[in-house]
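Next up: a single chain in structure tokens, the form predicted on its own.
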Amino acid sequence: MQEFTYTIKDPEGIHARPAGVLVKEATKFKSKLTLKAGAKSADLKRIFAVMTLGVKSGAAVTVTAEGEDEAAAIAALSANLKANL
């Protein structure tokens, strides 16, 4: 299992467009991917689950990957978060 934490910088938090881009990236991997924000967590491959977290600007989120391609997933999702949020 690998994970990383990122602080959301987008003034609107995780809204529809970047959530869609993030989920699209996550679906490329076989690993189980989870996005955690505070006490809540969501399957990173399901856009409605990600949106219901209600992540605001300045919030810290943790992405966890568990599976055969977890290292590649963490690298790609880290880059995606930094580019879009």
Partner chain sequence: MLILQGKGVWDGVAAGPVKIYRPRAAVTVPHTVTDPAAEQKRFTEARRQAQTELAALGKKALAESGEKTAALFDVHQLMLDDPDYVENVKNLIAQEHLNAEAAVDQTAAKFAALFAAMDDAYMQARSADVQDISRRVIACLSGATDAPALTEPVLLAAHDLTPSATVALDKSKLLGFLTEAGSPNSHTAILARTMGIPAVVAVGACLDQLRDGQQLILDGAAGKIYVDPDAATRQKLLAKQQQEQKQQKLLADLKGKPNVTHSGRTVKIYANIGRPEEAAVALANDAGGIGLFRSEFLYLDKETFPTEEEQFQAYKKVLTGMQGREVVIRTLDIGADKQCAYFNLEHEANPALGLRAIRICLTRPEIFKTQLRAILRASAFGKALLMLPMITSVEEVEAAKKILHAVQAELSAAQIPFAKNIPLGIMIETPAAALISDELARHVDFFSVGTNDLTQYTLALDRQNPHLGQFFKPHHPALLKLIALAAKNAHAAGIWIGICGELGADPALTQQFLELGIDELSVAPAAILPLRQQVRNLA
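Residue numbers count along the first chain shown, from 1. Predicted model only: the values in this text are computed from it and were never measured.
The same protein has a further form, the form predicted together with the partner chain, not shown here; the description that follows concerns it.
Asks: Can you pick out, from V61, A65, L77, I14, the residue that has a heavy atom within 4.5 Å of the partner chain in the model of the complex?
Replies: None of the others qualify; the residue that does is I14.
Asks: Give a yes or no on whether every one of G20, K24 and F48 sits within 4.5 angstroms of the partner chain in the model of the complex by heavy atom.
Replies: Contact check passed for all of G20, K24 and F48.
Asks: Does G38 reach the partner chain in the model of the complex if we count a contact as any heavy atom within 4.5 Å?
Replies: So G38 does not count as contacting the partner chain.
Asks: Even though the partner isn't displayed, in the model of the complex is K56 close enough to the partner chain, meaning a heavy atom within 4.5 Å?
Replies: Yes, K56 sits close enough to the partner chain in the model of the complex that at least one of its heavy atoms falls within 4.5 Å.
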